[in-house]
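Take a look at this single chain, the form predicted alone, given in structure tokens.
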Amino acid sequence: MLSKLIKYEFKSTRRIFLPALGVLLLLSLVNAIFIALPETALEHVSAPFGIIMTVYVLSMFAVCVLSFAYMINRFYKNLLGDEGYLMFTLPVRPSELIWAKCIASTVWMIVTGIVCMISLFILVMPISMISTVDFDFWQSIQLVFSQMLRNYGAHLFLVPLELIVLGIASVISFCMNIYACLSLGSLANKHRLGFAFVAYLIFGVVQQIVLLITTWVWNLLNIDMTFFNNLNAMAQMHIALLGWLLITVVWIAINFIITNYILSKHLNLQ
């Protein structure tokens, strides 16, 4: 049933995201065409170019805000608003509803980030093509990659893979944190979003307190770090990334448990 919920989420959200991301790519392409023009020709279209570039910058900002705002709106309206009366009559567990929203939001946030980077790449390409400096972009990339492969070997692929996994986990953690705050805010009869914002601030403070306490206990116990310090830089990086991933997974679990418990035991629809 979870797969059907995820499919429904993408079907409902793609009507918003696909046109918005498509417009962003189109604007970057149009701006790239303007940039590729000779300086003499560009002077005659400087006003349209300035307008389109401004629209492009605003569009990039808008799609980033859209992925964040739509993530909050979908969860709040579908599960905590009037639509919740229908959603919770479905033969599914609250946990499945939560994960369907989270997976869809995570994917759209990642896709938005990738599309933004692609649009910037499209925008920069004409600059490298018309540059008067004798510089082969792709050959330089190949040389740098070959050198790094000789120096780091398999670590060159492992570290980016770990960073990608950590990045995905961080987005999931962010979504779950917002869901937990919205769920806590729903317990109030009035000013729900205000209470959700306060809960978000409290979560941030709690995380910092836990970090400070952990650091204090670590220093107090005076744990021997000789083994870690004797490792090479790559091994230390792997351990640090895996430790950070473990902490992120723990926060995901905590936020999920809070959200699932409230939606299962203390659901308060508006």
Partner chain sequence: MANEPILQCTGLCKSYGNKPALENITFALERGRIVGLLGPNGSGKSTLIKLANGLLTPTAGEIRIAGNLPGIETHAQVSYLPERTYLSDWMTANDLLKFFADFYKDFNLDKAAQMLTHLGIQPNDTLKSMSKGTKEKIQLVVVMSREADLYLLDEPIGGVDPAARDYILSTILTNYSETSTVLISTHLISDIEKVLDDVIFLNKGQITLHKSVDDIRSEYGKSVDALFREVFAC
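Values in this document were obtained by computation on a predicted structure and should not be read as measured data. Positions refer to the first chain, counted from 1.
The same protein also has a form predicted together with its partner chain, omitted here; what follows describes it.
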| query | finding |
| --- | --- |
| Contact check for M87, L90 and N268 against its partner chain in the model of the complex, heavy atom at 4.5 Å | yes |
| Its partner chain contact at N73 in the model of the complex, heavy atom, 4.5 Å | no |
| Contact of N78 with its partner chain in the model of the complex (heavy atom, 4.5 Å) | yes |
| Contact of E162 with its partner chain in the model of the complex (heavy atom, 4.5 Å) | no |
| Partner-facing stretch of 79 to 87, 171 to 179, 115 to 123, 194 to 202, counted where any non-hydrogen atom is within 4.5 angstroms of its partner chain in the model of the complex | 79 to 87 |
| Residues within stretch 1 to 39 having a non-hydrogen atom within 4.5 Å of its partner chain in the model of the complex | M1, K4, L5, K7, Y8, K11, S12, R15 |
